[in-house]
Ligand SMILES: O=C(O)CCC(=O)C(=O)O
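Shown below, as structure tokens, is a lone chain in the form predicted alone; questions about how it binds or moves come after it.
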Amino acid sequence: MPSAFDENGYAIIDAVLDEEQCEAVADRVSAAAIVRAGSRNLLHDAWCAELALYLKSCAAIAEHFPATAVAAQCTLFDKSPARNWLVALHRDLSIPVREHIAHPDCTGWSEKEGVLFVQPPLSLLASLVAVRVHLDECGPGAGPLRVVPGSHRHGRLSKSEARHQQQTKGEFECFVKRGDVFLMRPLLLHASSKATAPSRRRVLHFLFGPAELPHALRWHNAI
């Protein structure tokens, strides 16, 4: 029987990090963010790689992907009164890879922060899990993520089809506490508004997926 995560495409796992762990990670993030605010490449840092392994060892997280899965990316989102933004409804369709592969199923090539990204086959995207570690409480005024339940199960969607999913299924606002983890399928339709309260919302967004990729693709980095 499919789990709620399989059906909805998201789940909240309480208290994955305690207060002391949150403080320690936040200190590391602050040091890294001085140079690379919003970086997609934090997984290269030893502290971030260690956190990825810790997350994978958490049974409540690990049950949602194979034991052979690897962490392939970590992105910092640091929303605050000084750095505030909104994100329109979208899905995450690109992954970081090591080199260009000429194959019709590999499209949308781009480069970000010196790393090559590609849109791989839908079957691979459907197998990925994003693990979002919240270092601050995220309530209604903090610009929380909004997701469209079940929208990850509908293949490729045009803009009009995505809007129809949003209108018919509604949205779930992801209110989470400090130290909680929000799990989601990258194919889940999601968006966020600007923060309206003078608070900070730091999130480490890890991407987990299969160690072996199709069509001779290779992860840019894998832990």
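Note that this is a predicted model, so its numbers are computed, not measured. Throughout, we count residues from 1 along the sequence that is shown.
This next part talks about the form predicted together with this ligand, which is not shown.
Heavy atoms within 4.5 Å of this ligand in the model of the complex are found in one stretch of 147 to 155, 104 to 112, 89 to 97, 117 to 125, which is 89 to 97. The closest heavy atom approach of Asn41 to this ligand in the model of the complex falls outside 4.5 Å. Residues of 179 to 193 that come within 4.5 Å of this ligand in the model of the complex, judged by any heavy atom, are His190, Ser192 in sequence order.
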